[in-house]
Ligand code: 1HE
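Below, in structure tokens: the form predicted on its own, a single chain.
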Amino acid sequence: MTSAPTTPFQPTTGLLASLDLLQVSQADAVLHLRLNRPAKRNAISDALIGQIHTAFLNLPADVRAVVVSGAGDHFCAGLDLSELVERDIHAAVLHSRGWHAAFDAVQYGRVPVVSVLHGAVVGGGLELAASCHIRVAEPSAYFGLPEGQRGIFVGGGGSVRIPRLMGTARMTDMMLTGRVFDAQEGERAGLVQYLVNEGEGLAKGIALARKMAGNSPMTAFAVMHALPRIVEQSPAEGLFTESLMAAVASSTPEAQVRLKAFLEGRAGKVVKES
């Protein structure tokens, strides 16, 4: 069976086109958001975090999945330290909460998000990647949390999200000793789900995004919003929440159509891809 042709990515228009620190394009139901500060290794400035937040709050209605990548040789080298000016405690808390709001919009937004990682995935860059649902890494990717050596602490949600991926002990090691994980170590530690050959990350990320874009929106919503909360609940509460979410998802008209197609032999069975 031949695959259906896909539309090439085209630059977006309107508000998303005005975000000068991002390159935003769309093909069919997939949006590609590329961090565009290559001269700064895509370090996250106040302006960039604001534009990331704006982009995820204003996704086109027909978008069903997003791919996040970085222009140049690196995904993201973290916080732009040139902007780390003296702040009083109140201002520093608000700055951190601004990052939280942006990355919450990624993790708990409307559609699933794939990050494609190469080069530096450091500090705030790792926090951004951790807020995405799927992470694809090329061999050049490396992961670090240099905050301990800079005299600061993670402030973009890293203390919440990263231990849930790799464990508290590994994150403690990275922060206290400055240990850097290469791509293979990152995969083994649980930081990434897919490790591909150099130069193949974006194609893999887009392929995964296209698969996710074909899912039922309610199922995607349940996986993104209910699953992480169920994990944090007690077993009894989690099972009850699961029952409610399962009932909601299976009762949607789209689910009924998909289940009928499967029972009538019009939908493919689960097979292991080669």
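Owing to the predicted nature of the structure, the values given are computational and were not obtained by experimental measurement. One-based numbering along the sequence shown.
FYI, the form predicted together with this ligand isn't displayed, but the following is about it.
Enquirer: I have Asn58, Arg64 and Gly109 flagged as a candidate spot, so tell me whether each of them has a non-hydrogen atom within 4.5 Å of this ligand in the predicted bound form.
Expert: Checking in the predicted bound form: none of Asn58, Arg64 and Gly109 is within 4.5 Å of this ligand.
Enquirer: Within 4.5 Å, heavy atoms only: does Tyr194 come near this ligand in the predicted bound form?
Expert: No, Tyr194 stays farther than 4.5 Å from this ligand in the predicted bound form.
Enquirer: According to a 4.5 angstroms non-hydrogen atom cut-off, is His53 in contact with this ligand in the predicted bound form?
Expert: Result no; His53 lies far from this ligand in the predicted bound form.
Enquirer: Hey, in the predicted bound form, is Thr168 touching this ligand, heavy atoms inside 4.5 Å?
Expert: So Thr168 does not count as contacting this ligand.
Enquirer: Consider Pro139 of the chain shown here, and say whether it contacts this ligand in the predicted bound form, taking contact as heavy atoms within 4.5 Å.
Expert: The answer is no: Pro139 has no heavy atom within 4.5 Å of this ligand.
Enquirer: Using a 4.5 Å heavy atom cut-off, indicate which stretch of 176-184, 159-167, 120-128, 194-202 touches this ligand in the predicted bound form.
Expert: Among the candidates, contact is made by 120-128.
Enquirer: Tell me, out of Leu81, Val93, Ala101, Ala71, which residue has a non-hydrogen atom within 4.5 angstroms of this ligand in the predicted bound form.
Expert: For this set of options, the contacting one is Leu81.
Enquirer: Which residue, Ala39, Leu244, Val231, Ala236, has a heavy atom that falls within 4.5 Å of this ligand in the predicted bound form?
Expert: Partner contact (heavy atom, 4.5 Å) among the options: Ala39.
Enquirer: Could you list the residues in 189-225 that come within 4.5 Å of this ligand in the predicted bound form, counting only heavy atoms and keeping sequence order?
Expert: Heavy-atom contacts to this ligand in the predicted bound form: nothing from 189-225.
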